[in-house]
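One chain comes next, on its own, written out as structure tokens in the form predicted alone.
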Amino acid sequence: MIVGFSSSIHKKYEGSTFQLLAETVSKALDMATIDLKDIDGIFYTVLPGVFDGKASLHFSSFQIPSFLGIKPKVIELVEYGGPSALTMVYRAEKLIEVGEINTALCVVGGKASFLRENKVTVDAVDRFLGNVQLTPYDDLFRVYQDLNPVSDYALVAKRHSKLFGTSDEQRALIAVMQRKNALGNERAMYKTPLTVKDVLESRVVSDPLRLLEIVYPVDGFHVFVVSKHQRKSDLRPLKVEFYGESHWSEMPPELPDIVYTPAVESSNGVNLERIDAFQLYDSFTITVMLQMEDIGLTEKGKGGEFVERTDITYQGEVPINTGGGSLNVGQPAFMSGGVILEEAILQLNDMATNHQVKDANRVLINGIGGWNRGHSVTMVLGEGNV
């Protein structure tokens, strides 16, 4: 069960990445009332260039335990990008169930400011670090200067509009309602009320996506403590009630259509009628719309109409990204999985002050990520009263 969690998020953190990590780990362990020496499992993810601008060529598994001064029985790198945090918690819970470990740290994050200030993302980090291969087909596929993932999702948004008539206003509504959710969230970076007009008048970054539809990369970590022992933790004994993964390895030109994500498969079998709130990966407004469709909240191509007729704020009939999501909290080290997982835990523990969904007992979290959003993980958290 999850017995502790913490986050530390800064627009720019002046200390080292490991200092930021230590600060976050310490807070999570305090909540869990667990000592560092009790950790026997570490699950982590890392993207190139987010540890003080350095890209680990090999044996990244050595760095975190070495810095924390512990000798875990299990160290596992989960490299799915956005969904990594969800998978870490699931795998930790499974290893605890079979008795392999007792207590695990799940770590996601790093410092994004170094790459941000050098005008590259982790999906285009080869432009800065050099001699880095991001796909098996770089020499054939990545022949132009790209702004990936922004340009990639811009293509998807354009295609979605062409096929289904989705308007810029409909996508902007997602940003507007998520901002309403952020107004009461003390963790949110952006808290100025937003209108559709504001979104549409913000500058175009990659046509048709505008600045206020795109996540802002920040420095930060999320740490989750999963343990066999609840000890003095006040958190509800949450369990993973549903879990699904799907991985699509095709490059964009090989896909049947780029408006689908592997969430179509990872969410297969989930019962949406029993869900009280949804946390959907929101690196862009179009990302949220794709998941609304692919997990089955609405038909494919009807996401625009869905947000026009549905209140998705935390007080609405279908609460989505109830803390404002990454669009307003920021995206630590180019991965938002920790943001949506933390918000789910807050909601389930009645800790989401000023943005709490009433009677939240079961939350669906969907993360997508990796190159060309090739990975998707769907998880439902609750107390196991299925």
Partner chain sequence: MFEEIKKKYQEMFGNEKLPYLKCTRCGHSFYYPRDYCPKCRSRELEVRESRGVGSVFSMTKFRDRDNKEIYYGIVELEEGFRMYANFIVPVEIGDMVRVKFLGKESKVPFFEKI
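As the structure is a prediction and not an experimental result, all values here were calculated from the model. Residue numbers count along the first chain shown, from 1.
From this point on, the text means the form predicted in complex with the partner chain, which you will not see here.
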| property | result |
| --- | --- |
| Partner contact for residue 130 in the predicted bound form: the partner chain, 4.5 angstroms, heavy atom | no |
| Contact test in the predicted bound form: residue 272 vs the partner chain, heavy atoms, 4.5 Å | no |
| In the predicted bound form, residue 119 touching the partner chain (heavy atom, 4.5 Å) | yes |
| 4.5 angstroms heavy atom contact with the partner chain in the predicted bound form for residue 302 | no |
| Contact residue in the predicted bound form, from 310, 102, 151, 113 (heavy atom within 4.5 Å of the partner chain) | 151 |
| The single option of 186, 257, 234, 79 touching the partner chain in the predicted bound form, heavy atom within 4.5 Å | 257 |
| Partner-proximal stretch of 219 to 227, 104 to 112, 200 to 208, 164 to 172 relative to the partner chain in the predicted bound form, 4.5 angstroms, heavy atom | 200 to 208 |
| Heavy atom within 4.5 Å of the partner chain in the predicted bound form - qualifying residues of 219 to 255 | 251, 252, 253, 254, 255 |
